[in-house]
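Next up is one chain by itself, shown in structure tokens, the form predicted on its own.
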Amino acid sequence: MLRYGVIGCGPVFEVFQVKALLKARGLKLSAVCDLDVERVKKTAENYGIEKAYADYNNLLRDKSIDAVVVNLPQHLHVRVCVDSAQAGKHVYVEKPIATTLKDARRIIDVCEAERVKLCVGHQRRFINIEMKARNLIRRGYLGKVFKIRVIACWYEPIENLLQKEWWYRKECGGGPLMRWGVHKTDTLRFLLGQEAVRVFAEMDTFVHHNRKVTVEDNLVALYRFNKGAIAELEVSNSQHEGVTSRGETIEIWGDKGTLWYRPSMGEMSLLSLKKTNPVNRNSFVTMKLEPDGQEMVKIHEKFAESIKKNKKPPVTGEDGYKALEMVLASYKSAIEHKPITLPL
């Protein structure tokens, strides 16, 4: 049984991580750490966690801890990940892996040098409908995929945005592309099995006008991949969306079919020359895969298994690096107003 320690007990931990860690097989949540002494004490009491630390170095000195979960703002990842690896702890770091490619490479290299496993928190790969979509593509239901469109657009009130500097400051990695668009660049790689080789992007701040805000509130990027597919990615935190749509859809076109789905709602429609509606060959088959909410459980169970069996982690450091590289290339394109070639 692997013993986990969590560094950072803020909203990501409370909303997304803690219940999954308590439920996941093969590991035990044994310690938590946060600079807020009252918060970390309360967290330990609420969830029956054995140990609570206010200094992460003390957690790293705890020889009973096998792996750490780094739940800090993205611009603080590199130091804590490096210290954790050098303390001999396996590392699970929330997305994005870092805010710069230099920091991302540093994390990867140190984990490799210290022979500890590194997993990046792109758990959305394990949403049941995302896995279904990838399976349909792999089994040839769409034929050769040539185009994919990913939309991730919501409305976030300015007062909410200003609560955390890593949500609105460029140097801290704010902006919708870095905050959740990096999940979508990972999704593109996960679905297509291809690498981006070129990007052209446009961005601006249309709605969230405030002297403190130094990041975009809308960005649209067009990618070309190494096996020929093109992809569109739209992200926003200033678009009022319908209650049902949630502003999140994925559309995929191939020479033998079309797939449309909403990852967070479990709605999917498929038209395929391989298998389609038996009543009308040219009609879409609709499916409903209710989100099971277990994607965080799945990624931690697979990470624990990779440690115990010395296997490849479910989302590697290189996966995190590539997703971040697509984000940073998009920003570079939007700033310089020209296409950017990858790798950077």
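The structure displayed is predicted, hence computed values, not measured ones. Numbering starts at 1 and runs along the sequence shown.
From this point on, the text means the form predicted together with a small molecule, which you will not see here.
Between the options Val207, Leu76, Val213, Met265, the residue in contact with the small molecule in the predicted complex by a heavy atom within 4.5 angstroms is Leu76. With the partner omitted from this view, the residue of Arg115, Lys274, Arg139, Lys164 that lies near the small molecule in the predicted complex is Lys164 [heavy atom within 4.5 Å]. Comparing 87-95, 199-207, 257-265, 151-159 against the small molecule in the predicted complex, the single stretch with non-hydrogen atoms within 4.5 angstroms of it is 87-95. Val68 falls outside the set of residues with a heavy atom inside 4.5 Å of the small molecule in the predicted complex. Proximity of Leu328 to the small molecule in the predicted complex falls outside the 4.5 Å heavy atom cutoff. Among residues of the shown chain, Gly8 is one whose heavy atoms approach the small molecule to within 4.5 Å in the predicted complex. Proximity of Gln123 to the small molecule in the predicted complex: non-hydrogen atoms within 4.5 Å are present.
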